[in-house]
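A lone chain, given as structure tokens: the form predicted alone.
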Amino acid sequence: MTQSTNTADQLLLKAEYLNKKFSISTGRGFKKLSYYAVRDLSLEIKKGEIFGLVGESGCGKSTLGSMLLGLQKPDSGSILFEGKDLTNLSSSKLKELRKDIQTVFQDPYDSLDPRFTIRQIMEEPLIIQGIGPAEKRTEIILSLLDRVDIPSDFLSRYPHQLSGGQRQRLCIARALTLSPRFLILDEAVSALDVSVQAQVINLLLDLKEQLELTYLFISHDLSIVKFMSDRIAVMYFGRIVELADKHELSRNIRHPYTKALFLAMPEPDPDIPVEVNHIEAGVPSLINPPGGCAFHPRCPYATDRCRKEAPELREISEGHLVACHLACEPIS
């Protein structure tokens, strides 16, 4: 799969044909069953953009994020970060590269050590990477806490003494301690109240401009992804089924699953008629996936070809990729 880019220098990260399989045990004396969380997935992320990744829970978004971060190794495929293949790096080289790639997880309480104070939480990555002395670390910590609007006199507090929004802002500050260039935001606002979500989103947008960051923004909430992102990839059953600029995607949907996600977004205007979503409920079994296109059991437009042949992700117009046999016409 090839995506359109002006120059190779624009690319920050390129993943090609990633596969990740997991096994589960059905009990003593029974064989283990396996399933693909990510299958033959390729994508490119440009420097300075916010790349949105959206899909239902269980479609493989977080597994993909953990592979790009280096927390899990793909069974096959490559992940190039500025030309360096993350899947073949030694432990020491990967540790060095971790300064450039950081993450903010979904639940700020679970991702913070409850035994550590804010100072210890912020200082830990600096100590691991050998950044010092102590005075320099304190200067970095205070500067970052100021950026995320956490008072300096909170240094001796523990995570349970912070509000949910403060904890997530602390997670963002911790992710920035090593001056990364690429942040993976894995459902980073979904655990927050709506008003706090808005504050954290605005903070992330401000930090991106101030620090010249690149984001992979993972979410199941298409409305937030649409607001945040420059380009959006729609993921289903471990694969990307549609990818385009957010404006192009909004006005020219070509995959039935993308259409279903857009229809699931509530319109705030009561005078706008509600369009019926004809997508069948229920995601197929990962252990026993359907043949052909994985979406065909739920798709109202499915043909015999869809049931027999899996579609390739192909470019139908500049920068707009779709994995659907019927993608030649917009979805009505």
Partner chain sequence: MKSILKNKQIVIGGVLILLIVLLVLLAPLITSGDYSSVDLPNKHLAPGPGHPFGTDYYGRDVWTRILYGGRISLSVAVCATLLAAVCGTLIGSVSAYFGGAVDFIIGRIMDVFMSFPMLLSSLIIGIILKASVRTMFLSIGIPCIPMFYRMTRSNTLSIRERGFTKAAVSMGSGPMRIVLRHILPNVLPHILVVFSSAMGGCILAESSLGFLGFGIPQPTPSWGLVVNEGKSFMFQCPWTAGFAGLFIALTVLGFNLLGDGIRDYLDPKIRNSYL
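Residue numbers count along the first chain shown, from 1. All of these numbers come straight from a predicted model, not from anything done at the bench.
Although it is not shown, the form predicted together with the partner chain is what the next lines describe.
Please determine whether residue 125 contacts the partner chain in the predicted bound form, using a 4.5 Å cut-off between heavy atoms. Flag for residue 125 set to yes.
Find out whether any non-hydrogen atom of residue 113 is located within 4.5 angstroms of the partner chain in the predicted bound form, and reply yes or no. Looking in the predicted bound form, residue contacts with the partner chain include residue 113, since a heavy atom lies within 4.5 Å.
Flag residue 73 as yes or no: does it have a non-hydrogen atom within 4.5 angstroms of any non-hydrogen atom of the partner chain in the predicted bound form? No - in the predicted bound form, heavy atoms of residue 73 and the partner chain never come within 4.5 Å of each other.
According to a 4.5 angstroms non-hydrogen atom cut-off, is residue 197 in contact with the partner chain in the predicted bound form? It does not: once the partner chain is placed as it appears in the predicted bound form, residue 197 has no heavy atom within 4.5 Å of it.
Have a look at 84, 95, 136, 251 for me and say which one sits with a heavy atom within 4.5 Å of the partner chain in the predicted bound form. By the 4.5 Å heavy-atom cutoff, the listed residue in contact is 95.
The partner chain: the contacting residue among 231, 259, 174, 239 in the predicted bound form [heavy atom, 4.5 Å]: Residue within 4.5 Å of the partner: 174.
Give a yes or no on whether every one of 109, 129 and 160 sits within 4.5 angstroms of the partner chain in the predicted bound form by heavy atom. Yes, all three are in contact.
Which single stretch, out of 74-82, 101-109, 240-248, 209-217, brings residue heavy atoms within 4.5 Å of the partner chain in the predicted bound form? Among the candidates, contact is made by 101-109.
Considering only 161-182, what residues come within 4.5 Å of the partner chain in the predicted bound form, judged by heavy atoms? The stretch 161-182, when checked against the partner chain in the predicted bound form, contributes 167, 174, 178 at the 4.5 Å heavy-atom cut-off.
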